[in-house]
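Before any questions on how it binds or moves, here is one chain, the form predicted alone, in structure tokens.
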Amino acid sequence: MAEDGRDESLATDDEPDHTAADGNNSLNNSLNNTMVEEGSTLLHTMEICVAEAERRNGKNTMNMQETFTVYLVETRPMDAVAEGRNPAPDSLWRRYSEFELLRNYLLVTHPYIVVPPLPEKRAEFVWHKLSADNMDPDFVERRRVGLENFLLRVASHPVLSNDKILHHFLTEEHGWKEVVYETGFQAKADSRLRALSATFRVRNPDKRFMEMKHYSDELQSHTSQLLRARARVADRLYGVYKVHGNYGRVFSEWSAIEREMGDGLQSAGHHMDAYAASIDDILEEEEHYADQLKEYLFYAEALRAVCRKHELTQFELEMASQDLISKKQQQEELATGIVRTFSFKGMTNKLFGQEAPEQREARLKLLEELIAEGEETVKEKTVECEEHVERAWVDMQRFKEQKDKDLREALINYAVMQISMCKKGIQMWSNAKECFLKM
């Protein structure tokens, strides 16, 4: 990744100017240097893989029988691998729901991070010959690959990889859920969901986040359109390839009545049959590239969640500021006796006379306390909002570099695969031509 090159340049600079570094890297310092200390990620110390999937039967929380899939997570110390030793990996089984729990915890605990998505729970954008059954062996295998990719993404992230809950997930087969729930993240998650689902209008949002939110919508739209187009193409391509089997059947039957032409026709028929059968492997390989696109389809939602969190923190800051202004205005009106705005309290004072001095002093004292609390709240919300903006923007730039690199490679490899497929078609017809020439 691009971060690796940045790390090397930072590590090899001789005697850097610390004054300049303090000014230019204040953002990184506020993040505890998580972006430059790439070597501290978990993936540098631990080898991680999801080795296999297994179907099991058991009872759910409702005491009802169910069939589910579990995945074998294996880890091994990287230093042992580097030293040439090959110790048996530590292993444990995890259900998909446990991966979901881990990701939900990460979303709540690190709201400024574009948290990597999980692979789909049920197949989407399928073409008609592809099973949508979540127990289908091919789908389960693709999901296994996706779950491994999720763990590798998290373990290579400069912030997420250092979370202790991730270590528990990878190394403690039993009791890790209790550790997660002890963090109290569930209560935060519930309030976060209520807040993020609420409709509110921010007066002064960060323009960069508004643009990024719009970009996430566009990214999701374009990737979903691309996946739909690919599914339609796969359907038609499957039909075109399979219909070549008719050539094979006709040539084979025709060869039975020909003496000089028989061998050539039968050989050509075999080439046609092989060509027709090859589409199954081709489209299975295509699913790999489709899954890469789906990952960024789901990444778009993770990106939007970070932008939405910015809106929420900014909205809370604006509400706290507005409340503080209102209380200061009340204090001024009470102290001077001049009412600047219409209020029900002002009307009652005019109708029934001013309140007693003792009541007025008590109200002034209460307002002073509320104003002090309000000022503290505004300070806290300002710091929270600024920290979220700084940290989130750093991670969004990291995500952008990763996205550009990944999608570029995926699209290039997809094009190469299509070229290879076309070349095989040309080769098939070239072979058929040679068969016909020999007749």
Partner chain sequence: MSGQTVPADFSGHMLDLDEDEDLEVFSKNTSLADGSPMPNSPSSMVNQYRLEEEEQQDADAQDIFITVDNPESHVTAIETFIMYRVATKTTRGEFDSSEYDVRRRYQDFLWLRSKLEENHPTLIVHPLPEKFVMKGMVERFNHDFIDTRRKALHRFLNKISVHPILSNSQHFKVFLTAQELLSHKKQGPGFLSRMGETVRAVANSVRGLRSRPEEFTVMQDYVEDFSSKICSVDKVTQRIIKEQREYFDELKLYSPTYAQWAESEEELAAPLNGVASCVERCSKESEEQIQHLSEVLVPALHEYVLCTETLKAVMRRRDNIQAEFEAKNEALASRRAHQEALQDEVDGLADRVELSNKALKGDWSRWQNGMRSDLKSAFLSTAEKNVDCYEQCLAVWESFLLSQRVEPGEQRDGEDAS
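Residue numbers count along the first chain shown, from 1. A quick note: this is a predicted structure, and the numbers were derived from the prediction, not measured.
The same protein also has a form predicted in complex with its partner chain, omitted here; what follows describes it.
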item	value
Heavy atom of residue 408 within 4.5 Å of its partner chain in the model of the complex	yes
Its partner chain contact at residue 251 in the model of the complex, heavy atom, 4.5 Å	yes
Close approach of residue 44 to its partner chain in the model of the complex, 4.5 Å, heavy atom	no
In the model of the complex, residue 69 touching its partner chain (heavy atom, 4.5 Å)	no
Proximity to its partner chain in the model of the complex (heavy atom, within 4.5 Å), stretch among 92-100, 258-266, 150-158, 317-325	258-266
222, 421 and 437 each touching its partner chain in the model of the complex (heavy atom, 4.5 Å)	yes
The single option of 275, 176, 105, 299 touching its partner chain in the model of the complex, heavy atom within 4.5 Å	275
Heavy atom within 4.5 Å of its partner chain in the model of the complex - residue from 126, 334, 237, 189	237
Contacts with its partner chain in the model of the complex - residues in 382-419 whose heavy atoms fall within 4.5 Å	393, 397, 400, 403, 404, 407, 408, 411, 412, 414, 415, 416, 418, 419
